[in-house]
Each structure stands twice: as C-alpha cells, then as structure tokens.
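As structure tokens, one chain now follows by itself in the form predicted on its own.
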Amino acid sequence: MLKPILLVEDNPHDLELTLIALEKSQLANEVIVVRDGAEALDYLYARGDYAARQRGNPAVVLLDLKLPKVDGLEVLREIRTTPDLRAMPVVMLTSSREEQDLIRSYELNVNAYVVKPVDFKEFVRAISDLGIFWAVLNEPPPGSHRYVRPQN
C-alpha cells in the first residue's frame, strides 16, 4: 500500500488545481486534503477526527504557507521538533515570494520551497513533478519505508 500525500491547502481554487495536477501525474498515492494548519497537525498526530486513521507518516506533505488557525511555518516547526515526524519530507507550496518566508522556511528545514506558478500549464507541470519526485523517486530517510504494509 502506498503512503498518502498530505495536501494542506485552504484556497479552494489552488486546491482544485493541485488535485487536477496530481491526478494528471497518475500517482497511485491517496491524497489526504486538510484545510488548515490545526487540521494538518491533527492528522499528523492522529488525534481528533483522525484518531482512528492508519498509522504512518505521509510520503510527503505539500504545505501552504498562509493558513488559517495555525500557519504553515508553525506546522513546519511542529513537524521538525517531533521525533516521529522530523524526517518526513515537507514541501512549502505557496504564492509568497517574500524573502523572509523563504528564509524562515529553510531555517525550519523545509525540503523544498515552491512558488505556485500562475500559468495553469506550468502549475500542473510543477505539481505533477513534485508529486512524482517526492512520492516515487525520492528515497525516504533510513528507518522509514516508501510502502506501508497492510496490517492483518
């Protein structure tokens, strides 16, 4: 069983475009969508509405920077300070070109910082490339597995 991709996006337009792009990339990974930083943390910590979810980390987190409740930088900080989540790949997927956002993201050890392209075709290609790279080509850190074995 493939590990899911966690998509954290509050903008309905960007969410739809991202899902279309991931679908066009023909990835078999399930895409889990959450709409704010608090919900992302609930999913990652398997609490609240996600308390009964199957254990294991996503193959990658595609994280918007500007989120309601808990912003993307705070979600990233939580991920990097939690031993069980620390090595999980996180891609900041944002419309922000502000240098401070870029610097702060890398200070918090983001794996990649991608500014969402405005052009639809470029957007689809960028998301498709990201999905393929992080869910298929990237070798996960030692101690984790690309595949989650079904439990008996």
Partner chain sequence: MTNASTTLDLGSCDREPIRTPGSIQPHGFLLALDAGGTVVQASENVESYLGKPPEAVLGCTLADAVGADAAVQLLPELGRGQVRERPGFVATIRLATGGTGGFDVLAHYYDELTMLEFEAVTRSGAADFRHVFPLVGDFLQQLDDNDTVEDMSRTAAREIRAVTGFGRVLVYKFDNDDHGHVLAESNDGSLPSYLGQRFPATDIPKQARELYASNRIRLISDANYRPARLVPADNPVTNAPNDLSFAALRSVSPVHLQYMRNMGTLASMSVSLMVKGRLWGLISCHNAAPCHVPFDKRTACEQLGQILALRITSREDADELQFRLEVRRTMVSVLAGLTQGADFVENMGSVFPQLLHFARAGGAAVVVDDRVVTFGDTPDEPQIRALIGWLDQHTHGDLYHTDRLAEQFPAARAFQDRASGLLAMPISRIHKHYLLWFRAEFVHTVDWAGNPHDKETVPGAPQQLSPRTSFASWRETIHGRSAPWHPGEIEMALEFRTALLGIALERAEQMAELAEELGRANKELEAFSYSVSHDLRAPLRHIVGFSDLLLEAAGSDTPEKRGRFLKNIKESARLAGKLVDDLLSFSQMGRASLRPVRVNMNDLVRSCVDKLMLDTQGRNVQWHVGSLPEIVADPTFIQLALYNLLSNAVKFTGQKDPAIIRVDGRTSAAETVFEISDNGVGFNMDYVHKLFGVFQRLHRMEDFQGTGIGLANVRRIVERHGGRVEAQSGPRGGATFTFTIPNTLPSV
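Values in this document were obtained by computation on a predicted structure and should not be read as measured data. Numbering follows the first chain given and starts at 1.
Form predicted in complex with the partner chain: not shown, discussed below.
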### the partner chain in the predicted bound form reached by all of L17, D36 and V118, non-hydrogen atom within 4.5 Å
yes
### Residue among V70, V31, L27, V114 with a heavy atom within 4.5 Å of the partner chain in the predicted bound form
V70
### Query
Could you tell me if S96 has a non-hydrogen atom within 4.5 Å of the partner chain in the predicted bound form?
yes
### Task
Would you check, heavy atoms only and a 4.5 Å threshold, whether E74 touches the partner chain in the predicted bound form?
yes
### Message
in the predicted bound form, is there a heavy atom of the partner chain that lies within 4.5 Å of any heavy atom of S128, even though the partner is absent here?
### Response
no
### Query
Any of the heavy atoms of L65 lying within 4.5 Å of the partner chain in the predicted bound form?
yes
